[in-house]
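This document starts with one chain, in the form predicted alone, laid out as structure tokens.
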């Protein structure tokens, strides 16, 4: 698998050498809708062929202190992501997204799907699909964000970025000032790793370790993910989504092992730009898991997570030869509760939560490139609600499309 992906990257590098020097410009800060993110990227057309290529890169350094203890500076090559798209024929499009994380520690196919466009309101999509739960899982490219770390809620409660093999439909309806959209997909889904994992708690991201989900279902029951969203051309966008299905292997060769146990996720996301040009984006998600009675209370049946980003432009103009450089002041507030249950013995609430505040500044030489400086502080409690572990530190990084 890794050799194939290395070949993929080599082919991409070869192709880029023959690409036209003109690049399709995309204003990555003014997307139509979150569902359009897979196509709203800058690409380079390859000669007179129907193939276009692109990608983005992220790198950073950080220095953190946890309760007075530090491991010093760390430099990270967070990810290199490669896009290849093609208009195969009229109303038939293909797009792939391959991500190399932490050097080559992880190599993932995040998206590789064909779209058949029958009508703006009805389109068929099949292949490796990013499940449209919330906004971040769809719209996660590093250069679009003013923060170095991805939201805790999206990556440590939900399993972003979360992709599966499947099929489904999506479409839009345009009115004078509104755009209505929907997506619905049936894909392979979760497995028992969401409760049988090294985190020793209910942890949906653990199921990403199951690479078999790209070739077969864990239990033969599809995961259903659906989203509806509306965008007002002047106000912003709001979306409501649900993802749910049976996660456990309840039978083998027709022999029952357990009852069917479900995992269900609901999410609400929004973004808006105020008259002061302040950009707001946020998401809140709820998780319910049917945990077997044999598991201890540290495995929560209910989880809650949210984040809110505030981005305020403070200056724009000519800087170092960049005609439209932009400085932003930013702040993110985050909260995740991995266990909203209560102890049976005492009735006291189980803790296991984290609160984070991330102020920072960013410089954008263009819409496609960002230089970021963040200060991250978070406070995390254990199950018993003991005095929290406090972590603070500085992060500096860059991210750019190419």
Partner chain sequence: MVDFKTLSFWSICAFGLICSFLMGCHDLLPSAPLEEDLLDGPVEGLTPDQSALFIAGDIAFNDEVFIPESGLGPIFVATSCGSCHAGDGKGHPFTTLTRFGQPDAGGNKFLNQGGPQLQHRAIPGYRPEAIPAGATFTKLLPPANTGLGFIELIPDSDILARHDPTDVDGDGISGRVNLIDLPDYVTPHAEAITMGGKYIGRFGKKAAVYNLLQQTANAYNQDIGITSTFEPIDTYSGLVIDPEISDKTINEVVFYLQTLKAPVPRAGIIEGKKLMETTGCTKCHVPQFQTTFSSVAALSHQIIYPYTDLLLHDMGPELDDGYTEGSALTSEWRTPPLWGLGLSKNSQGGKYFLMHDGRAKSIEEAILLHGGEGQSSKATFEALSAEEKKQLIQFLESL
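Positions refer to the first chain, counted from 1. Just so you know, these numbers come straight off a predicted model, no measurement behind them.
Not pictured, yet referred to below: the form predicted together with its partner chain.
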Fill in: Proximity to its partner chain in the model of the complex (heavy atom, within 4.5 Å), stretch among 100 to 108, 145 to 153, 270 to 278, 290 to 298
290 to 298
Practice prompt. Look at the candidate spot formed by 258, 373 and 386 and say whether its partner chain comes within 4.5 Å of a heavy atom in all three of them in the model of the complex.
Written response: yes
Worksheet entry | in the model of the complex, residue 302 touching its partner chain (heavy atom, 4.5 Å) | no
Discussion item. With a cut-off of 4.5 Å between heavy atoms, is residue 186 one of the residues that contacts its partner chain in the model of the complex?
Written reply: no
Worksheet item: Do residue 361 and its partner chain come within 4.5 Å of each other in the model of the complex, heavy atoms counted?
Response: yes
Fill in: Close approach of residue 73 to its partner chain in the model of the complex, 4.5 Å, heavy atom
no
Worksheet item: Just one of 198, 175, 91, 251 has a heavy atom within 4.5 angstroms of its partner chain in the model of the complex, so which one?
Response: 198
Worksheet, complete the sentence: The listed residue (59, 65, 51, 40) that reaches within 4.5 Å of its partner chain in the model of the complex by any heavy atom is 65
Discussion item. Could you pull out the residues of 303 to 331 that have any heavy atom within 4.5 Å of its partner chain in the model of the complex?
Written reply: 314, 315, 318, 319, 320, 321
